[in-house]
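Shown below, as structure tokens, is a lone chain in the form predicted on its own; questions about how it binds or moves come after it.
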Amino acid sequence: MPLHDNAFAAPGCIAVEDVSFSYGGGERVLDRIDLAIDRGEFVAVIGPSGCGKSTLLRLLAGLAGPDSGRLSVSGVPVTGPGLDRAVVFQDYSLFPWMSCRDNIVLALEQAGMGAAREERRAIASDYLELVGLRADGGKLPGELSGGMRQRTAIARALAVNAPILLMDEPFGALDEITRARQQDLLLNLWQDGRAGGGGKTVLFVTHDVEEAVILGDRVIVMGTRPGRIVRDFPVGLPRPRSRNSAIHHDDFVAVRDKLLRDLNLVVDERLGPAGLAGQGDGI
């Protein structure tokens, strides 16, 4: 059956205005973040571990609230999770007692998609096939490798077809060949939607600078502690784009190297004369 549209066909814009955040009133993680993302735009976020990349996604997902400032989607304040935002986190977040297909079916039910369970199961199978897992749909998450569980989580996020896709290192656990294929899959789905007059707004956190350049319209560089945006870098490579066309473009190396220099400056400032002192886990 064909892949579907749903009631959230109109994509949304994202606005982060003067947002600060700390966990439990302790050390500030984000400090006065300002970020505007147009609807249908693909924005990648890079930065050293602990700079607040994942925390920013959690705030936009509505899983926590800022200490100060405002986050909004399509002009509506973010006050909690919503069906207009699909999220892929590093830890998969699959129900271990449900098959991979049923994890996706449940998400479709919660989104009010599909007229009957058989239709939702068919949609789930289509998206599992997209990520190369159709034959594994009946397996429990514990029967799969970490990379296969992550691909299931990606299939679930794509299946609900929300206008905003928040992705936190979604390809980090994949082998290089699978990672390259999933990059192209995401690019194709996003570009097809935009060419059709719609398109998803994507905020994509990664530690891989090359991946950020391959995928993004812009790359946001975050650094220091507390986390701040230190650079908003337009990629400028032509669309439509594939992984192969991006890495072989004349400007690819220059863009990648500029971002690497910026990131190295952030890391050098963060570490300072104390070496590795103060370097934390990913946030």
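For clarity, every value in this text was computed on a predicted model and none was experimentally measured. Numbering starts at 1 and runs along the sequence shown.
Beyond what is shown, the protein has a form predicted together with a small molecule; the following relates to that form.
For the chain shown alone, residue 242 is not a contact residue for the small molecule in the model of the complex, no non-hydrogen atom being within 4.5 angstroms. Although the partner is absent here, residue 74 is not a contact residue: none of its heavy atoms lies within 4.5 angstroms of the small molecule in the model of the complex.
When contacts are judged by a 4.5 Å heavy atom cut-off, residue 169 counts as touching the small molecule in the model of the complex. Residue 48 belongs to the set of residues with a heavy atom inside 4.5 Å of the small molecule in the model of the complex. Just one of 134, 181, 207, 139 comes within 4.5 Å of the small molecule in the model of the complex, counting any heavy atom, and that one is 207.
90 is the sole member of 99, 191, 90, 125 with a non-hydrogen atom within 4.5 Å of the small molecule in the model of the complex. Here the chain stands alone, but in the model of the complex its contact with the small molecule, taken as any heavy atom within 4.5 Å, falls in 22 to 30 among 22 to 30, 64 to 72, 252 to 260, 36 to 44.
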